[in-house]
Ligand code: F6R
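Shown here is one chain on its own, the form predicted on its own, set out as structure tokens.
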Amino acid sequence: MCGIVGYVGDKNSVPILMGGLKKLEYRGYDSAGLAVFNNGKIEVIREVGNLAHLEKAVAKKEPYGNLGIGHTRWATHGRPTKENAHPHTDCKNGISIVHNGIIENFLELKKNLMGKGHIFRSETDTEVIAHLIEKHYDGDLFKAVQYAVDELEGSFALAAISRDFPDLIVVARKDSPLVIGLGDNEYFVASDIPAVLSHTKNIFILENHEMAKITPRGVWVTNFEGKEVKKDILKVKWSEEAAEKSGYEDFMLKEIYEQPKAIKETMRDKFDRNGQMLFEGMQLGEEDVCKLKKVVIIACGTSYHAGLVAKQAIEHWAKIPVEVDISSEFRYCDPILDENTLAIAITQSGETADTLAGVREAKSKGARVIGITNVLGSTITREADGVVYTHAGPEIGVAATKTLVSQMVALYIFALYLARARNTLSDKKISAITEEIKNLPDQVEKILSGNGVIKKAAKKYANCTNFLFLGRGIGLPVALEGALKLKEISYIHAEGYAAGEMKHGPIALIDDGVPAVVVATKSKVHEKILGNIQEVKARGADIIAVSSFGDTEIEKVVDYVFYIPETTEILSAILAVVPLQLFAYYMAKTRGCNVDQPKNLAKSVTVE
């Protein structure tokens, strides 16, 4: 998830581009750059790090031009370096492009282009687009882009300029957002509305498989086949601050609603064209998998709960024993590891100090280490033997939401990869589970579309001071995560327990003032969890249940039900956690808490 901007008009494009990039920095902050048409050539300035570094370089060089494009990067292919920063150019530095998305067939395209003499300067998937445009260019930039996008597989929003055309930007979109701002003899391009709002409130939203030719004289929109498309002008009524959050009140709520997309993006590079699991660069072949005697998962906080879900998936599907350890405790417990142990380190930022220390401990004892992370180029990517990336994009809210579901999806697919290598599941069973994984984005959308009962429950219980979250089987890590979310953003004391443990102490806490949230989805322990509900109900507690659609009987014994679609039992963890994220969010909002920046917490814990 990166941010792109563009401008063509009669003003100096540089301050407009920089202002737009500042509004989009939440979309990526690994590197940034711009390309400006200046005195008959394209001047490119790129820097590693956040926009402050680019600002210094721009102030030093003082570029000027009425046409330009800019980019702020969230790395997906290639480390955060100046060479990998956008904009990228063709061999002759006559065409420059910026891109948001993932080109799935870039290796195939790159090999073909290199065979025809094209010289590449970066590790990115994006650079192939510049060379494809160069390959097709015969003096018509629009046609060259049109032919180029026809060869691309994956997602993209791109903007291209050429030194042959001092007043033309060509843009195209497939599965990545792009808007065009309409001014008075000037036009703007951006990944998101906030970047143009200080200049205009009139915009076109480019739809999938549409491209446009933009000059100071107007905008011409077509589909990829070249058929003209008539666009309606949308007049934006948001304030600039509201637009930065796409109309959502908070980044956390925006990120909860981005979860279907985050799941899709995480799945995108995990399967090949034939539907087979694909983990390139992981350095763990089938022969290595078959030698494994044990898997150890190390993680902190929400990532630890993802690890607990992964334990059940790996043990159930791949039949390998799994231990899950809290990173801060792992290396002090003298863990028993050897060359037949696989350690999986889960860290959203890739910089979590305790988890990195655990990685070093595991490697020192001969274990092979796989990192699960959302940040390309982070420390874990250098210290682990192999890496599995989630593709959730930047997460601004401190409380993890979309990064959690992305971790779960990556770990589910990895568990299936282990099962296939060890031949512990039939191809038919793996295909069936894979199809259910691919259904998850639509199922999450369904949950997000109907949250009225969640808001009602939050309003009723917002003044409570204690909560219990209960679950069994795959519902236990969901209960633990639900309790954590409530604690960290609403400051209510909440504890997650295995429901069967209630009789061994915690039931003493139950009274009329302590609501219990019970994960009671369809599972092999469903009848057991219903019995636990009765135990708690008999002692005066109100019950909120997370249950599967169709379970109308549960409504007779609980006070509120948050329904989720039915799926394979192990996969239900992703669906069940979503209503608990929303419940914590609405509880915190009712109590007047800052959900994006909860007190005493940081997004990335880089100290022990």
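Just so we're clear, the structure is a prediction, and the values are computed from it rather than from any experiment. The first residue of the sequence shown is number 1, and the count goes up from there.
The following text describes the form predicted together with the named molecule, which does not appear among the structures shown.
Engineer: Looking at 391-399, 449-457, 103-111, 123-131, which stretch has residues with any non-hydrogen atom within 4.5 Å of the named molecule in the model of the complex?
Structural biologist: Within 4.5 Å of the partner lies stretch 391-399.
Engineer: When the contact criterion is heavy atoms within 4.5 Å, does E488 count as touching the named molecule in the model of the complex?
Structural biologist: The answer is yes: E488 has a heavy atom within 4.5 Å of the named molecule.
Engineer: Taking the shortest heavy atom distance, is T347 within 4.5 Å of the named molecule in the model of the complex?
Structural biologist: Output for T347 is yes: heavy atoms within 4.5 Å of the named molecule.
Engineer: Would T434 sit within 4.5 Å of the named molecule in the model of the complex, counting heavy atoms only?
Structural biologist: Although the named molecule is absent here, T434 would stay clear of it in the model of the complex, with no heavy atoms inside 4.5 Å.
Engineer: Taking the shortest heavy atom distance, is G301 within 4.5 Å of the named molecule in the model of the complex?
Structural biologist: Residue-level check for G301: yes, a contact with the named molecule.
Engineer: Between V514, I370, L484, V444, only one gets a heavy atom within 4.5 angstroms of the named molecule in the model of the complex; which residue is that?
Structural biologist: Filtering the options by heavy-atom distance leaves L484.
Engineer: Exactly one residue in T352, N532, Q259, S96 has a non-hydrogen atom within 4.5 Å of the named molecule in the model of the complex; which is it?
Structural biologist: None of the other options qualify; the answer is T352.
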